[in-house]
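Below sits a lone chain in structure tokens, taken as the form predicted alone.
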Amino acid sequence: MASKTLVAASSKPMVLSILSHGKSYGYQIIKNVESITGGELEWTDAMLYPLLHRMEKEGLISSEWVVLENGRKRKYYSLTPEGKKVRAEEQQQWARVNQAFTQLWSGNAKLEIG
């Protein structure tokens, strides 16, 4: 299971990346995170919805209420142009961090020690 710190650090880029595939609603986002991480990241409503509201205030995502066939309403979230830009920036940053860890853990890092 991933630490709370890792979950917190990865939550914004994870949501941006999921929404880059198309609009989604909260429960579906939670299930997608669970699926793509093999259950390593477990998100709750209490963690996700404040994040979504914060990201909406930052202009990274937008939301719309959709009335379903059964008459129920569901709130869908989608990326804004600013959200697409930030997602690309986050992707580059995480790729660099991943590359560094890959080098360190594989023993291929060229380090100066001592």
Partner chain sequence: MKFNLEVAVTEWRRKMRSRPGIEPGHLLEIEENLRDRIDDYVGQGMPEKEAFDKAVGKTLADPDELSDEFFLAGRARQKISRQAQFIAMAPNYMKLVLRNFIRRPVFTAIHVLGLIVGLSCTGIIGLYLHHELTYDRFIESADRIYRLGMNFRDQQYSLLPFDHYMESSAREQSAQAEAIANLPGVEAAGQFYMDTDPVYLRNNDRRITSEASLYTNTPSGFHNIFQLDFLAGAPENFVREREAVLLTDRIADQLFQEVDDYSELIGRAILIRERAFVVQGVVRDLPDNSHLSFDLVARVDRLETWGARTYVKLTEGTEMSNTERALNDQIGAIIPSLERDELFGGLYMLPLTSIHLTDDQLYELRTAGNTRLLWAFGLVGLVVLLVTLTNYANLAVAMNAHRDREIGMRKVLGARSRQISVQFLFESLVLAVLIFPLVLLIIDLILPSFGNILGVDIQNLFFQQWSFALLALTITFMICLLAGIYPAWFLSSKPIGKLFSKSSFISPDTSFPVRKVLIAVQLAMLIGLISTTILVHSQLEHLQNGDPGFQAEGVMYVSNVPLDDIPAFRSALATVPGIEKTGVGNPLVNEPFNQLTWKIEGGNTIFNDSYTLYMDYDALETYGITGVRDSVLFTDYPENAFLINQSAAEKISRTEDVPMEDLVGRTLIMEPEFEREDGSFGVPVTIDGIFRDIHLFSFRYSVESYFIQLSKTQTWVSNIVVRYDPRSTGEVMAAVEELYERLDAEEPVLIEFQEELLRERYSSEESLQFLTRSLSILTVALALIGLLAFTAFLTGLKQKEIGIRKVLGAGYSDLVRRFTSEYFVLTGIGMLAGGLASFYLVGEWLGEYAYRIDITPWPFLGAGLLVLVMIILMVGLVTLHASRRNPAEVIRSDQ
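Computed from a prediction, not measured in an experiment: that's the story for all the values here. Positions refer to the first chain, counted from 1.
This protein has a second form, the form predicted together with the partner chain, left out of what is shown; the following refers to that one.
In summary, the region of this chain contacting the partner chain in the predicted bound form, judged by heavy atoms within 4.5 Å and restricted to 86-94, 8-16, 21-29, 99-107, corresponds to 21-29. Within this chain, residue 46 lines the site of the partner chain in the predicted bound form, having a heavy atom no more than 4.5 Å away.
Within this chain, residue 82 is remote from the site of the partner chain in the predicted bound form, having no heavy atom within 4.5 Å. Taking the partner from elsewhere, residue 38 is found to have every heavy atom lying beyond 4.5 Å of the partner chain in the predicted bound form. Shown here without the partner chain, the chain has 72, 73, 74, 75, 77 in 70-99 lying with a heavy atom within 4.5 Å of that partner in the predicted bound form.
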